[in-house]
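In the form predicted alone, a lone chain appears below as structure tokens.
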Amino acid sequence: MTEADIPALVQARYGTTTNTVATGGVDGGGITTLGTLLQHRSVRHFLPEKIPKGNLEIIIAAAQSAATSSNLQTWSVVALEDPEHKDKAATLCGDQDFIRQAPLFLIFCADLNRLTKVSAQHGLRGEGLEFTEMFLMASLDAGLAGQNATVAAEALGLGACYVGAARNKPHELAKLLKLPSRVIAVFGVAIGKPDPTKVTAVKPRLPQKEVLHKETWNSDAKEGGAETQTGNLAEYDVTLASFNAGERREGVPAWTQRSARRIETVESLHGRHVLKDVLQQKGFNLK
């Protein structure tokens, strides 16, 4: 990959030829990193082979290299490779076959159990652990670690897919994984060697002008910010519809419609509406 490849990758990420980007001064290593990031796609078809020996440890080392607030490192991860155990987890995580197919399933957890023990070790109260801020911190730490793990897996020639359905049955999954008090699964990542016969294209994201705000919110928008957003979303509906047609995905609703449906009812949350209650049961007495 060379510097000249980067603009095309940026355009692919937005599904348009109108995005331009300057790449002057990017060295070879930087180009490789940018290429890995810009070409990310969810992989749900894996070859039936284990990941190479030592890759798990490299992936976790990369995960632990992510930023962590105050160096508190408020996350942990459970690695599932045993087929029977993975099958049970897959059933609880939306009953998705690609989890069973993947040779490695990582479940990232918000972990305040470790700090609870550290607090007790030093005879301190640990009152801060009872506030929402700490659960948010732990979830953010886990998310940053998961992203590093995914990028590392892709750099090793593997594919990955995030699994938010790890929150569908939080109590049952916690029981299966034997998670201690103040530890809860926040998401999973299925990892394996991608099946080269089932490669998907890079899915376009929202236009950058919709998510990038400079200095203040919508500072670049002219009068009628709502109209600007409506136009941006309509543009994305068209872009994603074109992508789905190219992938031969028939009958897929427009992004705006699909997103609205995803949050329409309690049932749309696929069981995740009980998360607050489960957090309390698991010792996260959040204030």
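We number the residues from 1 along the sequence you see. For clarity, every value in this text was computed on a predicted model and none was experimentally measured.
We do not show the form predicted in complex with a small molecule, though everything after this point is about it.
Asks: Name the residue from 163, 145, 191, 173 that puts a heavy atom within 4.5 Å of the small molecule in the model of the complex.
Replies: Only one listed residue qualifies here, and that residue is 163.
Asks: Out of 96, 119, 139, 73, which one falls within 4.5 Å of the small molecule in the model of the complex, going by heavy atoms?
Replies: Only one listed residue qualifies here, and that residue is 96.
Asks: Is residue 205 close enough to touch the small molecule in the model of the complex, meaning at least one heavy atom pair within 4.5 Å?
Replies: Residue 205: yes, in contact with the small molecule in the model of the complex.
Asks: Do residue 50 and the small molecule come within 4.5 Å of each other in the model of the complex, heavy atoms counted?
Replies: Residue-level check for residue 50: no, no contact with the small molecule.
Asks: Is residue 41 close to the small molecule in the model of the complex, meaning a heavy atom pair under 4.5 Å apart or at it?
Replies: Yes.
Asks: The chain here is shown without the small molecule. Which stretch in 96 to 104, 206 to 214, 125 to 133, 191 to 199 comes within 4.5 angstroms of it in the model of the complex, by heavy atom distance?
Replies: Within 4.5 Å of the partner lies stretch 96 to 104.
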